[in-house]
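Below you'll find only one chain, the form predicted alone, shown as structure tokens.
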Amino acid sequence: MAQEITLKDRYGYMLWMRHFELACLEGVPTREIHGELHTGVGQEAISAGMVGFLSKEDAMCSTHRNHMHAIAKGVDLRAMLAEIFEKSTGICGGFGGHMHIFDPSLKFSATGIVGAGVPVALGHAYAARLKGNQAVAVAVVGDGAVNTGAFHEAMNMAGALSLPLVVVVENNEWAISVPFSASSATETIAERAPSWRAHGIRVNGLDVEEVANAFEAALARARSGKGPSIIEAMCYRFRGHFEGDADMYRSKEEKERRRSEDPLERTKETLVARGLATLEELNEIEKSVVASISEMLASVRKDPSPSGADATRYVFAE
């Protein structure tokens, strides 16, 4: 049974997601976070639209841009932040870092390999079929992943066996520096769905309610044995592909125009217009979230890093 989540609740989740990502950004210039850091700033409505519909038995397989998906699945924020900041208190002991967030208790996983999460989700969906339960597997990918062989093979099997697989494609229109229009033979991703005997729908990924409605319908379809679905959620990442990306492939005009379409501002305006909250009330909620995230970050920074003596731990079978 999905829990009741109001639009105001979803706005709160969007705030947690936005400010969690901003907290992560603080660790890049200080070199507390090594390697590439991928954030989803600007794409919060998609993850917030998935909140409340998944149980612990439902699996979610994410990407290199996974933090907000993990929040939607219920992964502990502090343990995840500690992992991203490479602390031994992290959800993977500081060994995985930001691209490899795993929480087996919630069946949440992530991978840095583009498109590779879909076959993993397919395995979860097939397991649900064998067990005969109502579990669903969700794979979240970017638009670049849909052109990989792994994506096609997994979707073909899901369609052939009518497996309970829901694929959410965050189409932010850029696969690193390649525009979607230059890499796709079709105008949309959703229109490819019938090729795999799947249901396909394209939604405005800046509208959290539209995402939530499509996601709820896709899960219901999967749980009732009607097979896989593809939800193509149109969005835009506000920052470069990773922190340090010069991002010269997108024009300044494009970035300024698209960043003005902030899903948080859109949702805030909707709440006020419908009389569901006052502007002052929403601003107070944001202040509270900012304070909580700031306190969490300060606490995480005091945690110990993994010991060098454990460098080969989990590398070799014992």
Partner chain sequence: MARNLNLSQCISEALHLEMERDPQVLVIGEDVGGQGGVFGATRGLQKKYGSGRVLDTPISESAITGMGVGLALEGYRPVLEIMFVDFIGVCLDQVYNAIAKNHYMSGGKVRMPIVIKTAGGCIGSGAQHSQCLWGLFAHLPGLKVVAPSNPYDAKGLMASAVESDDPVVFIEHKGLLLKRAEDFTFGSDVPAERYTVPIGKANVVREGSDLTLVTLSGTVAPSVTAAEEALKKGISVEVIDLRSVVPLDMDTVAASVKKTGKILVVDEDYLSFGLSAEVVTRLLERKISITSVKRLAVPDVPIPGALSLEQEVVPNERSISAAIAETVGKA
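Positions refer to the first chain, counted from 1. Just so it is clear, the model here is predicted, and its values are computed rather than measured.
If you look for the form predicted in complex with its partner chain, you will not find it shown, but the lines that follow are about it.
- Figure note: of the listed segments 276 to 284, 253 to 261, 31 to 39, 45 to 53, the one touching its partner chain in the predicted bound form, with heavy atoms no more than 4.5 Å away, is 31 to 39.
- No member of the trio 200, 204 and 217 reaches its partner chain in the predicted bound form with any non-hydrogen atom inside 4.5 Å.
- A heavy atom within 4.5 Å of its partner chain in the predicted bound form is found for exactly one of 74, 123, 227, 240: 123.
- In the predicted bound form, residue 232 stays away from its partner chain, with no heavy atom inside 4.5 Å.
- For residue 172, no non-hydrogen atom is located within 4.5 Å of its partner chain in the predicted bound form, even though that partner is not displayed.
- For residue 213, no non-hydrogen atom is located within 4.5 Å of its partner chain in the predicted bound form, even though that partner is not displayed.
- The shortest heavy atom separation between residue 223 and its partner chain in the predicted bound form exceeds 4.5 Å.
- Residues of 233 to 254 lying near its partner chain in the predicted bound form, listed in sequence order, are 245, 249, the criterion being any heavy atom within 4.5 Å.
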